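Next up, structure tokens for two forms of one chain, structure 1 and then structure 2.
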Structure 1
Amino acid sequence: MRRLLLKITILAAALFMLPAVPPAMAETPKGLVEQLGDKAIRQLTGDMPRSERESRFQNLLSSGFDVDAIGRFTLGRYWNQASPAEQQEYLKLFEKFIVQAYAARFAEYAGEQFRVVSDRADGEVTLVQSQIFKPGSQPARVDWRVRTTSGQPKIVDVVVEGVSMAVTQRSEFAAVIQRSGGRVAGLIRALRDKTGG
């Protein structure tokens, strides 16, 4: 969990430094990443109650990320073992978990510089490559995997220095389920406790 939160901090810093782009560019994977950053700067910076920051972040998350697809992926093979009721509750708690974890990190911005480097097709997704520059450190590489469905690009994974956040989260969730006797209910209880849901 500590490694995941460190990655989230890096991503939060990256989003702060994305430049403003015309709305039409959000129709492309690269434009989506850049426009999300612009919205994050305008909507999530400054002093505000935690609940307000989380609400604003949830709106950005819903518009830019395929949260359901990411949630299903992170549950892995256990998705098909869960009942429909468990699947619905899990997805609701998963989104709440992501919102709370990400939104809290926006207060930790420390002046890193962000630059989109390139974008290229990678099978069914487009890989938007970027770098984060921090004084006194080597640039950190952050890749955004974006899938376009019905003309609408959505982020489905973020890869920090070669480590997929979705794969990392899936591994952590699987460990929780295994400690709970292989039952998704154990993960759902853990997410309820974590999110106050």
Structure 2
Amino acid sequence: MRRLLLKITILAAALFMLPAVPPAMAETPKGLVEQLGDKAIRQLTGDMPRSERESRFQNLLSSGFDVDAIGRFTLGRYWNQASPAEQQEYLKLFEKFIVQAYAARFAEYAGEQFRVVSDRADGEVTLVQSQIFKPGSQPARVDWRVRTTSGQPKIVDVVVEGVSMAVTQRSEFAAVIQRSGGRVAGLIRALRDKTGG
């Protein structure tokens, strides 16, 4: 009888805890950024093999970011010029490229503190402002643009000291496309070469 009671208690406790257990990220833009910043500093910094850092980065990227939306934005006006097949391949390569280019940049960090300073909603996009503190130097300002669609917040841009990652990548991709005669195929080839796939 007591064991049954114990089982029921555990079951009930488990049921109550269930909503917190799935790996779904926080429900508010601010909470999302706080969790992600914490995880990035804990999981991505320090010594580890490159492949390990990239797979951890990949996990954080797909859980907190709207990668497809960023990819479309980054292709800019060329998105509509690309064929559906090109769009698909581009999005795949884009994610791979981001993982390879950005994961390694966390290797340099150590001993940083991350703090969300404020958040301000403007329609479906919320601007979350944060600071990264490093002992002995001035804090770096990092702003996050978070879009909430159907109750699920996702990051669509990261702005470091006024430099937007999305705008920067869009500009770089546009330059590559222009230099290959205005064809998206040129960018896809360049991304394929860079990511080795």
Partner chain sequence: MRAWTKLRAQATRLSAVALFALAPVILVPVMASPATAQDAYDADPLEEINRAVYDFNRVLDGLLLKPAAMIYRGVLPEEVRDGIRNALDNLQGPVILANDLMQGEFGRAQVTAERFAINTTVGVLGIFDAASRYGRPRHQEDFGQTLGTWGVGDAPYLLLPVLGPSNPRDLTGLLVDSFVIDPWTHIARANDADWFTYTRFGLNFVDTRSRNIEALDDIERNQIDPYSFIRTTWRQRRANDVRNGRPAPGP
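C-alpha atoms forming the largest set that superposes within 1.5 Å between two forms make up the rigid core. By convention here, residues take numbers in order along the sequence of structure 1, the first being 1. This one's a predicted model, so the numbers in the text were calculated from it and none came from an experiment.
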Kindly point out the structure, among the two, that is the form predicted in complex with its partner chain. 2
Distance the CA of Glu124 travels between structure 1 and structure 2 [rigid core superposed, Å]: 2.8
